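This document opens with one chain alone, in C-alpha cells, the form predicted on its own.
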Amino acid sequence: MEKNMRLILIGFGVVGQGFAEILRDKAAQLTQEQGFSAQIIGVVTASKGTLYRPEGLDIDALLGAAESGSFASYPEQKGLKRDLSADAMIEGRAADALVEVSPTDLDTAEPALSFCHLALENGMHLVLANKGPVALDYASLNAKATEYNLQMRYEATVMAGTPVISLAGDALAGCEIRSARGILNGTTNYILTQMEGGMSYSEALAQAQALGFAESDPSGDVEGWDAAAKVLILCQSLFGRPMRMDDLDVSGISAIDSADIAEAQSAGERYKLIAQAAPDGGEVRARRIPLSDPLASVGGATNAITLETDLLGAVTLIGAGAGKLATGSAILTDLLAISSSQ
C-alpha cells in the first residue's frame, strides 16, 4: 500500500530545492520500489515568502518561483495561502513531518528550534539538515519525540548524504562504538589540499570562496565551529553524552601556513582538521597525521569518518559532505525510514 507523507519545509535554499528536485525526479521510482510518495504542502522562508496549500504545492512551480527570488511568482491555485506563518502551518496539523533546512544558527538555534518543538507538540516527525537544533538541544528534542511517539532524524547534519548516523545506529548496531574521528568540514579539507599543491592559505581560501565551498565570512568553517557542531551531534547521538560548545576544545586552520605544510610533508605526514567524539568528550583541531592513516588520503571537499568499534575495529566511511543532491538524499532517506516504520 502506498504511503503518502505531507511535508512542511522550513527554508528553501540550495538544500531544500535539491530535496524538492529529488521528490519530483524520483516520484515514480519511489512509488514503485518503496510504496512511498510525498507532498510538500507548506514552505516557509525568510527571503522568498511563504506558501501553504493542504492539497500540495506544485514542485516545478515552486522551484521556478524560488529561482525568480520570490514566491510571489508562484501561480494561483485553489486553497493556496501566501501569508500563513510557520506557527500557523504547524498548528494546523495537516503535515506528517517538518523538514528543517533553514540556515544554521549555532548561538541559539532559533527560530528553527522553536519550530521543532512546536512540530513535535503537534504530532509531526522531524527531519533536519539544520545542525543548530540537534547540536544545541538534542536531549530535549529527543525526549519530546519519544514522549509523543514520534521520530527525530538528522542524517544530513553530519556528513550530508554520507550515512554515518545510519551506519552507527543500524549497520553497527551490535558493536560498541568507542570513538568517532573524522574530516567533517569540506571547506577546510579543500583549503589544506590546495595548500599541499603549493597555494598559500589566503589563495586557497579565495579559491574555495570562488567555488562556493566557503562563505564570504568563512570563520564558521576555518575556525572549526561547523565541525564542532557535528562533534556535539555525534557525542550526544552515539554516546548519549550531553554537551555544550563550551565543553569542546576547538581550533581551526587559519594559523597554518605554507611552512607548516612543507614540514609535515617532509615528515611523511599531512595536515587535516580532525573532529573527534568519544564518551568522555570531543575536540576539533588541525593535526598532522601519517599518510598511512585512512583519513590522510581524503582530499578536496570530501568528508570521512573512522568509527572505532569493539568487534570490527576501525570502520572508515568516505563520501560527500555537502551539496544539494547529497544533502537532499539524506532527507529522503530519513523520510523513508520514518515511513517504513509506521
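We call the rigid core the largest set of C-alpha positions that still match within 1.5 Å between the two forms. Values in this document were obtained by computation on a predicted structure and should not be read as measured data. Throughout, we count residues from 1 along the sequence that is shown.
Here the subject shifts to the form predicted together with L-homoserine, a form of this protein not shown in this document.
J.: Just checking whether A214 would be counted as a contact of L-homoserine in the model of the complex - the rule being heavy atoms within 4.5 angstroms.
T.: Contact check for A214: yes, within 4.5 Å of L-homoserine in the model of the complex.
J.: With the cut-off set at 4.5 Å between non-hydrogen atoms, does D226 touch L-homoserine in the model of the complex?
T.: D226 belongs to the contact set for L-homoserine.
J.: With the partner left out here, check for me: in the model of the complex, does some heavy atom of T187 sit within 4.5 Å of L-homoserine?
T.: Yes, contact at 4.5 Å.
J.: Given that the partner is absent here, does L332 sit within 4.5 Å of L-homoserine in the model of the complex, heavy atoms only?
T.: Output for L332 is no: heavy atoms all beyond 4.5 Å of L-homoserine.
J.: Out of 218 to 226, 164 to 172, 118 to 126, 73 to 81, where are the residues with a heavy atom within 4.5 Å of L-homoserine in the model of the complex?
T.: Careful reading of the contacts points to 218 to 226.
J.: If you check R270, R153, K131, R181 against L-homoserine in the model of the complex, which one has a heavy atom within 4.5 Å?
T.: Among R270, R153, K131, R181, a heavy atom within 4.5 Å of L-homoserine in the model of the complex occurs only for K131.
J.: Judged by heavy atom distances of 4.5 Å or less, which residues of 303 to 342 approach L-homoserine in the model of the complex?
T.: Counting only heavy atoms within 4.5 Å of L-homoserine in the model of the complex, the contacting residues of 303 to 342 are G321, A322.
J.: Superposing on the rigid core, do we see a C-alpha displacement of 2 Å or more at P218 between this form and the one not shown?
T.: After core superposition, the C-alpha of P218 moves 2 Å or more between this form and the one not shown.
J.: Take the rigid core as the frame of reference and indicate whether the C-alpha of Y190 shifts by 2 Å or more between this form and the one not shown.
T.: The answer is yes; the displacement is at least 2 Å.
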